[in-house]
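Take a look at this one chain, the form predicted on its own, written out in structure tokens.
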Amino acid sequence: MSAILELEDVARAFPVRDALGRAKGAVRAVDGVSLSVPEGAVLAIVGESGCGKSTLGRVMLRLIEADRGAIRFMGDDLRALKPDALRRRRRDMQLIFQDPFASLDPRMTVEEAVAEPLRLHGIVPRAQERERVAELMARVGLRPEQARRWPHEFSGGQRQRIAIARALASQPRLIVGDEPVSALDVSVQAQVINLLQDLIREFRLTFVLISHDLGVVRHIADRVAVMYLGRIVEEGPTAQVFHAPRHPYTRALLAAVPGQGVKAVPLEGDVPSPIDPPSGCRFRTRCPFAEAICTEQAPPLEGGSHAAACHLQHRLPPAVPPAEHDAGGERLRRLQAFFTDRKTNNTGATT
């Protein structure tokens, strides 16, 4: 499967200043990330708050400029595109924000908000905008006549459906969802996730999901990339990452979720400052398996389709006892049944 988006050694740092405005360092939010997103796949980026995953999502779309590295989308080097060419290319890539209310202009009706991409990119003639908006509203489970309302007249789940309709308006090839369901109630989350899955299949979208909810990730993602202090420490197929994690940090994340069947990893200390990260492996100050080489050398991300940045990945004890593999599959089946039931009872406009 060919890659629609490729990142190579991408980095972005934010300067830190004292009270007098003098530079005293930099937060390395994204530091040497290389990723390949297959066309039509769902890639999840996970990690603790502050690990850099939201910054990475914005760098992918060039909403935040990278300090270095290459970003190739559909064969174009995004960092080399001039403003006019970049605007044309933006039609093919969209972002769904975490807060559906903040992402909608309160001074615009829903119809105006959804029609804005249509007008900006000249997708349909002006006379057909209202018809196209009505189609998009219906596709995300809302009534077309609701388009004449204002954002504050909708619930959180309905506003996120509007944001999804707006993202679909430009007929994109790639959508980045930055925690798109974390601000919603659990029952509404299930409905929105099912909607996203249907849209991904129907429109053959490539989707990058930024999330800290491993249950959602396990349900929707084809591949998972795990971030820690600005770097990817593990990346691979979802089933392999969940059943046989190769990095101690991934094990710690999975062990923190009840019912995953992963042996607990006794972490030590707190997350280091991104202004002054540890030498060598950035996880070594909290890792119970760390050795001398972890202090001296930064581990490369290696291992083929399931890669990890750990010197000891082939010598670590099993993360999941053999008996737990079937139990994990049964938990996944129960989760899928829950989402399917929610989808069957989804009333759309009431959430």
Partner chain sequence: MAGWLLRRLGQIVPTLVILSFMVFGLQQLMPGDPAIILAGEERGDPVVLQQIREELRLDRPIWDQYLFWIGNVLQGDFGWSWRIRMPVSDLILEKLPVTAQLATMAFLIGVVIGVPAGILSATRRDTPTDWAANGVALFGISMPNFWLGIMMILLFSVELGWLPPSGYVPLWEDPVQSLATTIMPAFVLGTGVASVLMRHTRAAMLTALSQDYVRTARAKGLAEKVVVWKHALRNALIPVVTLGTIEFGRLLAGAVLTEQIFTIPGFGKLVVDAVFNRDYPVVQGVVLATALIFVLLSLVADLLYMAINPRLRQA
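The shown structure was predicted, so the numbers you read here are calculated from the model rather than taken from an experiment. Residue numbers count along the first chain shown, from 1.
If you look for the form predicted together with the partner chain, you will not find it shown, but the lines that follow are about it.
**Q** Under a 4.5 Å heavy atom criterion, is H121 part of the interface with the partner chain in the predicted complex?
**A** Taking the distances in the predicted complex, the answer for H121 is yes, it comes within 4.5 Å of the partner chain.
**Q** Give a yes/no on whether R286 approaches the partner chain to within 4.5 Å in the predicted complex, heavy atoms considered.
**A** Heavy-atom contact with the partner chain at 4.5 Å: absent for R286.
**Q** Does any heavy atom of R246 come within 4.5 Å of a heavy atom of the partner chain in the predicted complex?
**A** Contact with the partner chain, no.
**Q** Although the partner isn't part of this model, could you tell me whether R107 comes within 4.5 Å of the partner chain in the predicted complex, counting any heavy atom of the residue?
**A** Contact with the partner chain, yes.
**Q** From the candidate stretches 211-219, 194-202, 93-101, 277-285, select the single one in contact with the partner chain in the predicted complex, where contact means a heavy atom within 4.5 Å.
**A** Contact criterion met by 93-101 only.
**Q** Could you check which residue among L253, L168, M227, A113 gets a heavy atom within 4.5 Å of the partner chain in the predicted complex?
**A** Selected option: A113.
**Q** Can you work out whether the partner chain is within 4.5 angstroms of a heavy atom in all three of E39, M74 and R126 in the predicted complex?
**A** None of them does, since no heavy atom lies within 4.5 Å of the partner.
**Q** For 131-159: residues with a non-hydrogen atom within 4.5 angstroms of the partner chain in the predicted complex?
**A** Contacts from 131-159: W150, H152, E153.
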